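Heads up, the chain below is alone and in the form predicted alone; it's given as structure tokens.
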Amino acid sequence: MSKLRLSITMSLDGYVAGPDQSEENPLGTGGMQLHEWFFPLKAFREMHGEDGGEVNASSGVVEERRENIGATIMGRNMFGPVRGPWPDESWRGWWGDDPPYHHPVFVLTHHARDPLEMTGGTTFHFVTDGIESALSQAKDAAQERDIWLAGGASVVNQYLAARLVDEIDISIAPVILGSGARLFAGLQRDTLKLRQIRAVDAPGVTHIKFQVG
């Protein structure tokens, strides 16, 4: 049975992106610091068609997160900086012609758009009828494999509040952002019952994984 698996990097004070996100600065002010543990890895470079890179304690975590994933869900803010109705179809995502997903990706938005087929097996589907519809479509596309809940914070928090997430895997970076897009914002006490199932100390980051009860 498919699981909805959240994996995301968070600052020590709870933000997954900094303030003032834009096309020039997609992760907001200071947001790139969150992922400094990831960029040097061999796994990261392989995802972007590059050679070399480091292998350390984070490598196994990244490989584990990629296992058995058949579809991804993300919010429109993660897909791109365009707001309101699509002016045209020129924006095709941050990742170039060959995004690193290689499976169907379901983008939650208020504005319809035709599916966007990319190189390497990635197709972006734009979902306008809510989080449960996106999850249903992702499960159908994943064909019993799991679904990655990728971000950003607004979409993640909606799925958490609806108790639709099965696993939470958080990479905590030793960074204080002070403001931005906060994970777990708006959740009420006892919304989630969590059981820790793994913790990994790695260079520049700590990875903690929870099963949601």
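Worth saying up front: this structure is predicted, and the values here are computed from it rather than measured. Residue numbers run from 1 along the displayed sequence.
Keep in mind that the form predicted together with another copy of the chain is not shown, yet the notes after this line are about it.
Spell it out for me: taking another copy of the chain in the model of the complex, does every residue among Leu116, Asn157 and Ala162 have a heavy atom no farther than 4.5 Å from it?
Zero of three within 4.5 Å in the model of the complex.
According to a 4.5 angstroms non-hydrogen atom cut-off, is Leu27 in contact with another copy of the chain in the model of the complex?
No - in the model of the complex, heavy atoms of Leu27 and another copy of the chain never come within 4.5 Å of each other.
Given that another copy of the chain is not shown alongside this chain, does Asn68 nevertheless sit within 4.5 Å of it in the model of the complex, heavy atom to heavy atom?
Close contact is absent here: in the model of the complex, Asn68 is far from another copy of the chain, nothing within 4.5 Å, heavy atoms only.
Give a yes or no for Leu177: in the model of the complex, does one of its heavy atoms lie within 4.5 Å of a heavy atom belonging to another copy of the chain?
The answer is yes: Leu177 has a heavy atom within 4.5 Å of another copy of the chain.
Taking any heavy atom pair closer than or equal to 4.5 Å as contact, tell me whether Val55 reaches another copy of the chain in the model of the complex.
Result no; Val55 lies far from another copy of the chain in the model of the complex.
In the model of the complex, segment of 60-68, 47-55, 148-156, 167-175 with a heavy atom within 4.5 Å of another copy of the chain:
Answer to the contact question: 167-175.
Contacts with another copy of the chain in the model of the complex - residues in 65-100 whose heavy atoms fall within 4.5 Å
If the 4.5 Å heavy-atom criterion is applied to another copy of the chain in the model of the complex, 65-100 yields nothing.
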